[in-house]
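Shown next as structure tokens: one chain only, the form predicted on its own.
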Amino acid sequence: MTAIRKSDVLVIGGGIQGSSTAYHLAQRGISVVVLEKDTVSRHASGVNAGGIRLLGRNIAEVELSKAAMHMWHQLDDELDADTGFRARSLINVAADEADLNTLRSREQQMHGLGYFHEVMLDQQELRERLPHVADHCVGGVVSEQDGYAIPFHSTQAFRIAAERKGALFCEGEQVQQIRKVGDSWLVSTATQQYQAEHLVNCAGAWADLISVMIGDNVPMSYSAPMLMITARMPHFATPVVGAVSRPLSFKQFENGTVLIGGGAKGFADRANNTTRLDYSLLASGAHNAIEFFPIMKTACINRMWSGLEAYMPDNLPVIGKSVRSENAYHAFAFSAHGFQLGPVIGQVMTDLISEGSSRFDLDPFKINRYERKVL
């Protein structure tokens, strides 16, 4: 084993959260090493749907998401890279009156909190924006700032920008042991030891294992959200499309291909680093797309895949300081909607490390929020 590699901060996980954290740390002159057990953006951060979504966020996430959205609109210039970001708006389609009632309740709640970025659409406005939507659809809601980016390109853009500023990414380095030695963290892989004052857990679907090594227990699960993409079709939808109460999500790219998601999950084998598709659920997703957009009957599926993603019971991520150990931090379990938050999460982690606090309320994201309270 070679000499111990030292840095100010050690980040475990090379997805968009870890790569963004490395970029923001390096930008402030803080030395950082990122350990990735496979390759950067190999898992969720490279194979997700790429949604850049402020629409429909849990209230706890809105402020983070707003800040991240502002960053996405400037990110290509900041990173000097092409993330594939396109501001196309996002429309969630209401299939019936029950969906409209859901949207009205949400609108009342959001307006009461001072948020006005979600705008309801009547049936005519919906058809003006989506001429090919099914006749039975009665309206919807739009967030104009939303859109999509290309996950692999975005994560690699953070990685390359971080490296330009001095960050070191070590791929193929799976953590085997973590222990505290004095005021430092000592992390061992099969071939190398790493030492740092601060440790950041961005390990995605493996983050609960890292948490235990740090000293924090967490009721995290993992799954394999699935996606499929069509061959090229004539252009019929500029906005990203979702549905209020159905598992539907799709976007048509500039080349005509259509990416279909919606949250259906395949089979995850974390121990062997693999996933397996559930074709019956993929068929249901295709049926939902046709139900809302009959033009999709002509689509030819070109490819299907899934990635490994971490989830908490409330579908909110873990963001913040360790509750058991000093100078340890967590950013994981983004429950299949964390890609958009990537830019701001790196900033939050950097603020916690360099300043000891964040300008955002992180209480809803505490790692110990499910621990039984002792009366």
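Computed from a predicted structure; not experimentally measured. All residue numbers refer to positions in the sequence shown, first residue = 1.
One more form of this protein should be noted, the form predicted in complex with a small molecule, which is absent from this view; the next part is about it.
Answer range among 319-327, 60-68, 35-43, 346-354 for contact with the small molecule, defined in the predicted bound form as heavy atoms within 4.5 Å: Checking each option against the 4.5 Å cut-off leaves 35-43.
Only one of 55, 47, 312, 26 gets a heavy atom within 4.5 Å of the small molecule in the predicted bound form. Which one? Spelling it out, the residue with a heavy atom inside the cut-off is 47.
Quick one: from 202, 199, 90, 167, grab the residue that has a heavy atom within 4.5 Å of the small molecule in the predicted bound form. Checking each option against the small molecule in the predicted bound form, the one that comes within 4.5 Å is 202.
Tell me, yes or no, whether residue 174 is in contact with the small molecule in the predicted bound form, where a contact means a heavy atom of each within 4.5 Å. Judged by the heavy-atom cut-off of 4.5 Å, residue 174 is in contact with the small molecule in the predicted bound form.
Touches the small molecule in the predicted bound form: residue 206 (any heavy atom, 4.5 Å): Answer yes; at least one heavy atom of residue 206 falls within 4.5 Å of the small molecule in the predicted bound form.
I'd like to know if residue 16 sits close to the small molecule in the predicted bound form, meaning any non-hydrogen atom pair within 4.5 angstroms. Contact check for residue 16: yes, within 4.5 Å of the small molecule in the predicted bound form.
Report yes if any heavy atom of residue 12 sits within 4.5 Å of a heavy atom of the small molecule in the predicted bound form; otherwise report no. Yes, residue 12 sits close enough to the small molecule in the predicted bound form that at least one of its heavy atoms falls within 4.5 Å.
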